[in-house]
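Just the one chain here, the form predicted alone, laid out as C-alpha cells.
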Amino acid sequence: MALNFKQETFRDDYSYSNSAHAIRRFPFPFAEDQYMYSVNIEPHTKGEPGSVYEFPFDIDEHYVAECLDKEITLMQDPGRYHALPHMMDAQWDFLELTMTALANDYPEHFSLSRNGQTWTWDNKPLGVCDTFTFGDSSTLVREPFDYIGRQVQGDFVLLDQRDGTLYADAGIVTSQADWSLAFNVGMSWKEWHGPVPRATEIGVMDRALKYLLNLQLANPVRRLNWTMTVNPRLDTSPENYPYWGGDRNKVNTDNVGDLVNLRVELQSLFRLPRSNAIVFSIRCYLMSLKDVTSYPRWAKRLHRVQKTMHPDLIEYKGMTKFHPIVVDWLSKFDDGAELGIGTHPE
C-alpha cells in the first residue's frame, strides 16, 4: 500500500499533525487504570494489517518529515551519531536487516537488489539510490549504520554483548526523551538505566537484562514506553534543553489539549547474526491530548493513569510543572465508567 507522506515540522512552527488514520493506529500504552514501570516485553511478531506492529520497522505518513528532522539534528550536532570501532560488523548487520525489511514490506517505496557483494538500494521517498559493496565502508558516503539509520524513523542503539551484560557501543539518536547518546555511549546496561526510579529496587532491569542476554536470532521482542512532551518535538535532548525546556512553563488550562503530547516509544530489539549484537530500536509516536480524547475510552484511561501516577515517575518523566493541569483537564472526559483491560480505542 502506497503511503501519503506529509510535509510538516517538529520544531519552530510545529506544523506536525496526525490524520484520523494515524490517530486510530496510535500505540496507546495503557491497558489498565494504573501504571508502574515494568518490563512488559512481548514477541515482536507480525501484527494486524495497518497497525504499528504489522512490520518489523513501521513506516507511516510522517516518514519524510521525520527523516528531514533527523538530518537537521545531525547537521547541527554530529555527535548524535557515534559508533565505537569494534562495532563495524554490527553496523553491516543493521544495514542488511533494515534494507531487507523495508524492501520486503514497502516495495512501493524501497527496493534492494543484490548481485553478490554488489548491492543497489533505492529509497524513492527520500530520492536516494546508491550502489555499494557490502562489507566495504569506502563504497558508501557514510558508515553503514549512519547511512541507513538516517533513512528509518526512530532512534537506534547497537548493544554489544560481552562480560555477561550489554554495552551501548553505537547509536544514532535524534528523538530521545531527555537522555544523551554522548553521555551514554559505552555504558553497560545497568549504568544506562540507573536513573529509572525504583528499577533496581524492584528488580525490573535485572530481569530485562537476563531476558535479553538470551534473545534469539529471528525472534525479536518489543515493548512500549511513554512520557509527555510539550509541543510535538522529536529532539528533546539534554544538549538542546534551552530550546525546549522552557516550553513546560507555557502550559495552561486553555492550551493544554493542544500543547501537551502523549509521547510513546515502540521499543523493539533484534539479535544480529554476524556480530551477535542487539539492535535497540526506539520509534517515537506523538499525539496531542486533544487527539487522545477523540476516543473517549483513551481519555478516561489516561486520566486515571495520570491521577494515580507515582510522584517519582512524574518527576523522572519531566512532567512535574504541567502534570496537575493535565490531570485536571482530562478529568472532564472521565465519567467513571468501568473499562475493561486493553489498549484498544473503543
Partner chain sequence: MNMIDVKVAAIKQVTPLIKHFTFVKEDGSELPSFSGGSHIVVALDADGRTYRNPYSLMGSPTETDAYHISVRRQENSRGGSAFMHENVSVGMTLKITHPVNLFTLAKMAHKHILIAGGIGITPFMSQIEDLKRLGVEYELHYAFRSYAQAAFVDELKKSCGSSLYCYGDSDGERLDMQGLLSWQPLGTHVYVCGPSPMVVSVIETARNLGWPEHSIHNEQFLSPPVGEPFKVQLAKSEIEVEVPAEMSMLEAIEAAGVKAEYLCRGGVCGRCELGVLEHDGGLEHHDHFLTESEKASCRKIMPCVSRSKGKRLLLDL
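As the structure is a prediction and not an experimental result, all values here were calculated from the model. Positions refer to the first chain, counted from 1.
From this point on, the text means the form predicted together with its partner chain, which you will not see here.
When contacts are judged by a 4.5 Å heavy atom cut-off, Arg142 does not count as touching its partner chain in the predicted complex. Thr131 falls outside the set of residues with a heavy atom inside 4.5 Å of its partner chain in the predicted complex.
Contact check for Glu71: no non-hydrogen atom falls within 4.5 Å of its partner chain in the predicted complex. Shown alone here, Asn276 lies within 4.5 Å of its partner chain in the predicted complex, counting heavy atoms only. Shown without its partner, this chain lists Asn104, Asn252, Asn214, Thr118 as candidates; in the predicted complex, only Asn214 has a non-hydrogen atom within 4.5 angstroms of its partner chain.
In summary, the region of this chain contacting its partner chain in the predicted complex, judged by heavy atoms within 4.5 Å and restricted to 143-151, 258-266, 118-126, 83-91, corresponds to 83-91. Applying a 4.5 Å heavy atom cutoff to its partner chain in the predicted complex picks out Leu217, Ala218, Asn219 from 217-237, in order along the sequence.
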